[in-house]
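Shown below, as structure tokens, is a lone chain in the form predicted alone; questions about how it binds or moves come after it.
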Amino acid sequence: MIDSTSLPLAGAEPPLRADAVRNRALLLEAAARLAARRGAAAITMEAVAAEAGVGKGTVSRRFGDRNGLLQALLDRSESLFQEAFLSGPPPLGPRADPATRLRAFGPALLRHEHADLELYLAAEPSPSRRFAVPARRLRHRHVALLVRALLPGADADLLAHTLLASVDVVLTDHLVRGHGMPLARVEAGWHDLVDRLLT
């Protein structure tokens, strides 16, 4: 069994003062209202500040930039997904064998990101920051641990990047919306890659 429970949840922040917690919640509620009314494209630092009734500097100090704001907006659903594969029940969680967990991970990630697709696409970081996002780093580390358990001696880090690239949110959106590919085919592609890797 792989002990993924020692992996920290991505995006975890140090404890905040009570007023900072209230301000963060106020800003995220404003961003969520904007997204619900006008879509993820409407979430700008200025629009969130206006919706929350604060200055743009308040939003900037709390989140840094638009990408930081969008990542924070995704934190709740991302935390639930992380809990599912770090400590949840099979087939994702640690009570399942590594092969079962690896086969289940790609489709679960696809469905997870598809549920908040517009936000994930809007939150897509620049190429220089793409692999520094805590949630992505945790996903990679998790997949690499599973690969390492299944294929000792293999380049688990590179194989994990290769597998995760096949279910990348931008690629998946391109295939599904741009080319009409059913999401089920992308999921089947993950299973095919994993099965070929393990045979």
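On a predicted model such as this, the values are computed, not experimentally measured, just so you know. Residue numbers here begin at 1 and follow the sequence given.
Beyond the structure shown, there is the form predicted in complex with another copy of the chain, which is absent from this document and is the topic of what follows.
A.B. asks: Which listed residue (A149, A32, L171, A41) meets the criterion of a heavy atom within 4.5 Å of another copy of the chain in the predicted complex?
C.D. replies: Of the listed residues, the single hit is L171.
A.B. asks: State yes or no: in the predicted complex, is some non-hydrogen atom of A50 no more than 4.5 angstroms from a non-hydrogen atom of another copy of the chain?
C.D. replies: No, A50 sits far enough from another copy of the chain in the predicted complex that none of its heavy atoms falls within 4.5 Å.
A.B. asks: Please run the contact check for D116 against another copy of the chain in the predicted complex: heavy atoms, 4.5 angstroms, yes or no?
C.D. replies: Judged by the heavy-atom cut-off of 4.5 Å, D116 is well away from another copy of the chain in the predicted complex.
A.B. asks: With a 4.5 Å heavy atom cut-off, would you call A165 a contact of another copy of the chain in the predicted complex?
C.D. replies: Looking in the predicted complex, residue contacts with another copy of the chain include A165, since a heavy atom lies within 4.5 Å.
A.B. asks: Is R130 close enough to touch another copy of the chain in the predicted complex, meaning at least one heavy atom pair within 4.5 Å?
C.D. replies: Yes - in the predicted complex, heavy atoms of R130 and another copy of the chain come within 4.5 Å of each other.
A.B. asks: Tell me which of 81-89, 97-105, 68-76, 121-129 has residues with heavy atoms within 4.5 angstroms of another copy of the chain in the predicted complex?
C.D. replies: It is 121-129 that comes within 4.5 Å of the partner.
A.B. asks: Should the three residues V54, R61 and L138 be counted as contacting another copy of the chain in the predicted complex, with contact defined as a heavy atom within 4.5 Å for each?
C.D. replies: Not a single residue of the candidate spot has a heavy atom within 4.5 Å of another copy of the chain in the predicted complex.
A.B. asks: Only counting heavy atoms and a 4.5 Å limit, does any residue of 78-113 reach another copy of the chain in the predicted complex, and if so which ones?
C.D. replies: Read in sequence order, no residue approaches another copy of the chain (within 4.5 Å, in the predicted complex).
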